[in-house]
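Have a look below at one chain only, the form predicted on its own, in structure tokens format.
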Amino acid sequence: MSTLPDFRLMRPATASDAVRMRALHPSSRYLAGGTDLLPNMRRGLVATDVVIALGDVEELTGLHEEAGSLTIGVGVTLATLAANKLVQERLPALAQAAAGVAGPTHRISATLGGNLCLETRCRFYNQSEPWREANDYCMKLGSDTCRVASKSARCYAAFSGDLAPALMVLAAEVELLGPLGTRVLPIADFYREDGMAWLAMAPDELLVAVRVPLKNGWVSAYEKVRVRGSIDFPLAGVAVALRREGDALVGLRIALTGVSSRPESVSGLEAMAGHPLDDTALAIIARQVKLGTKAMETTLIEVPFRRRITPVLAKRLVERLWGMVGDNPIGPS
């Protein structure tokens, strides 16, 4: 499908209006920057007769510091995030993740909320309609079989958003608005390990903001591997936040993207607290990252490569941040 199908466009003035419109049209889709939704609609991957455009909702575009945290509306563009001095200085992993998404023209339109809610992707799904039809489709669109894991009861399409792992290591929370009011949850709890139902958000809810703590003592970074140096989604992305006191590692958070149906928070790092970053510590990091890497055949790049490169990337970032601590590090608690 090369042209957009017909649909009705609705423009709410407030977030509450958007939620009410969604309740009236359950099959509608929210539109922010449109850099993912519109191409998917054009290619027949998303079908809806109502699109709720959020561009006029000013409350979604705020970015302000208050009570020791930074609140970011989901309508803030990635270009704005990447260029913001406070984000660059206090939350560098977030700035780097935003700056690394797609290309410059995409980042002018693409938003924080769009990247956090990015559709999961798979080489068996993100194809033309003739290709999908010739291959009898997949579980994510019109079939009962996952082409990645044919005997699986769930879809293994991969989540490839860049900002989620950065916000996970920065201990961020997300704010959701629904008909019954607002609820807040840790960003890690916003995701599920299911390629078809990867967001822990009710159908009648709207993601409205992200809150990120601003506290001293940590450094952070984000880096990814992709086929081309721009445009492409990550084959594997790693975010790290680290806190060091003298020769002791007192805090370490690592999160991954592109290697599962959700962004993965790496577990088992707590035992490293109070110890130096030596070969033993790096071996633990590599082992735990490897355990958290669940890459499947969702891209054209071989799975063993993605599984090998992820712990290497994590160790490289941790070593870099360890060496930066003398440069007045600041970041989340």
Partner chain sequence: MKKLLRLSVNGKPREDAVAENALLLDYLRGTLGLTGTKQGCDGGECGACTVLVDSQPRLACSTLAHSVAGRSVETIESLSAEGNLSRLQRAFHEHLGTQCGFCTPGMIMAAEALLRVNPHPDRAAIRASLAGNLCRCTGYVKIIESVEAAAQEQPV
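Numbering follows the first chain given and starts at 1. Computed from a prediction, not measured in an experiment: that's the story for all the values here.
Same protein, other form: the form predicted together with the partner chain, not shown, and the subject of what follows.
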{"query": "The single option of 128, 216, 135, 230 touching the partner chain in the predicted complex, heavy atom within 4.5 Å", "finding": "230"}
{"query": "Proximity to the partner chain in the predicted complex, single hit among 211, 106, 123, 154 (heavy atom within 4.5 Å)", "finding": "106"}
{"query": "Location of the partner chain contact in the predicted complex, chosen stretch of 282 to 290, 29 to 37, 300 to 308, 57 to 65 [non-hydrogen atom, 4.5 Å]", "finding": "29 to 37"}
{"query": "In the predicted complex, residue 275 touching the partner chain (heavy atom, 4.5 Å)", "finding": "no"}
{"query": "Residue 315, heavy atom within 4.5 angstroms of the partner chain in the predicted complex", "finding": "no"}
{"query": "Residue 25, heavy atom within 4.5 angstroms of the partner chain in the predicted complex", "finding": "no"}
{"query": "Residue 13, heavy atom within 4.5 angstroms of the partner chain in the predicted complex", "finding": "no"}
